[in-house]
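For reference, the chain that follows is the form predicted alone, supplied as structure tokens.
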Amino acid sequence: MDPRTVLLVGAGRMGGAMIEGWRVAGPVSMDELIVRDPHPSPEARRASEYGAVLDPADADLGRAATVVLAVKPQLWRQVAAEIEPFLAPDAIIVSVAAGVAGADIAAALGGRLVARVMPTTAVAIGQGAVTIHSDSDEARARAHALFATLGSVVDVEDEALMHAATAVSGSGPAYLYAFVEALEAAGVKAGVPAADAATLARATVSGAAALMAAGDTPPAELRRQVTSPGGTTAAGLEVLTGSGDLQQLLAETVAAAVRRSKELG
């Protein structure tokens, strides 16, 4: 076993994002990466140009000190059964499978140490949100080594909170993209040409997010700073938030995602 070698099992959308982040930020050298996926992402194929090994023989899986399980939750048991006999006995498992308990993963993978991680796809550009849980200090440290340079990391001590972290953060980008879609459509309905509405909506949201990320001002204060009493923003916010429907809608959205995360487990 090589202590530097990482085996990534599953190189779809999330796996590809992690590969890109590792390639740019450097916590995993591409010539120390093994990727197992019958349909690897473009990022995985590009990684092979930098020295990563794609779909090696089963016997080579034992070279990895860290195994990152990034398959769909519905497939993890099947994949675990396929790879377990070939892994190094003391390999550490880092699971990105939403909703799947660490104890279940450990049981399926020979009792090996497990850390659970929920990243967002923005790890590809070093701006991800990453939640980590592990009962093992060693496994937690291994997860931090993989993700600390790829974005903001939050540790949770109670594994049950991983469901909520998945619902808020792991699924959160889709909520934001849906908002941008709706804002574009509203601009078009108000008479803005479609291409211009798209530019304005996307630039507005990405700029506001960048401004928020650049400091520690709470979002509520940032909202107040751009809301003049009796102005256009106040009129729009009265519709969006005045009745409390937005908070209720998001609470229900997160609750639905929490339920699904528990079902997947």
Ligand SMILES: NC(=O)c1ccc[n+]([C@@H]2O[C@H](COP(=O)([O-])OP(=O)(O)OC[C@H]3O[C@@H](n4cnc5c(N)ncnc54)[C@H](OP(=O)(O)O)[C@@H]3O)[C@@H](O)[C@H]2O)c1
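Start at 1 with the first residue shown and count on from there. This one's a predicted model, so the numbers in the text were calculated from it and none came from an experiment.
Just so it is clear, the following notes concern the form predicted together with the named molecule, a form of the same protein that is not shown.
Enquirer: Judged by heavy atoms and a 4.5 Å cut-off, are A91, A106 and E138 together in contact with the named molecule in the model of the complex?
Expert: No residue of the spot touches the named molecule in the model of the complex.
Enquirer: Which of A124, L146, V71, M162 has a heavy atom within 4.5 Å of the named molecule in the model of the complex?
Expert: Only one option qualifies, and that one is V71.
Enquirer: Would P38 count as touching the named molecule in the model of the complex under a 4.5 Å heavy atom rule?
Expert: Yes.
Enquirer: So in the model of the complex, does any heavy atom of A11 sit within 4.5 Å of the named molecule?
Expert: Yes.
Enquirer: Could you tell me if I132 has a non-hydrogen atom within 4.5 Å of the named molecule in the model of the complex?
Expert: I132 lies outside the contact set for the named molecule.
Enquirer: Answer yes if any heavy atom of P119 is within 4.5 Å of a heavy atom of the named molecule in the model of the complex; otherwise answer no.
Expert: So P119 counts as contacting the named molecule.
Enquirer: Which single stretch, out of 210-218, 63-71, 230-238, 42-50, brings residue heavy atoms within 4.5 Å of the named molecule in the model of the complex?
Expert: That would be 63-71.
Enquirer: Can you tell me which bits of 68-98 touch the named molecule in the model of the complex, meaning any heavy atom within 4.5 Å?
Expert: Sequence-ordered list: A70, V71, K72, P73, L75, Q78, V79, E82, V96, A97, A98.
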